[in-house]
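Heads up, the chain below is alone and in the form predicted on its own; it's given as structure tokens.
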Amino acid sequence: MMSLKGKAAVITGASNGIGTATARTLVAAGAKVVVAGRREDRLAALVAELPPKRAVAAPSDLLDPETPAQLMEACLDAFGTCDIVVNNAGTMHVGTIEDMDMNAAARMIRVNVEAVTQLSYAALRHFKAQGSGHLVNISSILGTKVRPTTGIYAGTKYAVEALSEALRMELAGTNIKLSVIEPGLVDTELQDHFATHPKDALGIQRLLDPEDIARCIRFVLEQPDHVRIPVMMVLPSEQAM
């Protein structure tokens, strides 16, 4: 297994949920992290709880086209290297044909597709220049299938899947890795604004914890150089779909 000690990572969407758990998990494994997100107070609290000089907050808006380069620079400035990027930030809006908020849907497409694409290319260009690195894009089970009212969100995650697979193929034979994580239902804030939470709609009592996904990210990152894990789906035991 590859040690993460001394590695430096950029983690987006780090002010809650999977991003927060991933920062804690990677730091516990010996890495240093730049935690990015829109909620500066939460990022500051996360950095304060982690060991000194192991984490840096980067309050940012991923819809700003300058942000990807700024995040890479922040990691290099803080730690002298950037070895890992976890493209985790995302939003979720669903609705019927009649009820869908198209303004929210348009912003979701920008966050889930445009911002992920921009950071993916910024990360991979840096990794190619240094000769190594690992990009982890967070997708969803809904990047592989759909259910009613989720078509636009699923479409954004299908886009992440297609982008990631094409980039992985382009990187074959290099020392640069790309992995996609496809979570099922996770106990985060992503769906708290829904009128009916998917756990109730699907009858799932025990959701995944953010730490479950963070452990999987660590597992993928710690594989030896000759091993590639292009895709990992992670589901709660009760989730049939």
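Please read all numbers here as calculations on a predicted model, not as lab measurements. We number the residues from 1 along the sequence you see.
We do not show the form predicted together with a small molecule, though everything after this point is about it.
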| item | value |
| --- | --- |
| Non-hydrogen atom contact Pro68 with the small molecule in the predicted bound form at 4.5 angstroms | no |
| Heavy atom of Met72 within 4.5 Å of the small molecule in the predicted bound form | no |
| 4.5 angstroms heavy atom contact with the small molecule in the predicted bound form for Thr150 | no |
| In the predicted bound form, Asn16 touching the small molecule (heavy atom, 4.5 Å) | yes |
| The small molecule in the predicted bound form: contacting segment from 75-83, 88-96, 117-125, 163-171, heavy atom within 4.5 Å | 88-96 |
| Selected contact from Ile176, Val27, Val186, Ile204, since only one has a non-hydrogen atom within 4.5 angstroms of the small molecule in the predicted bound form | Val186 |
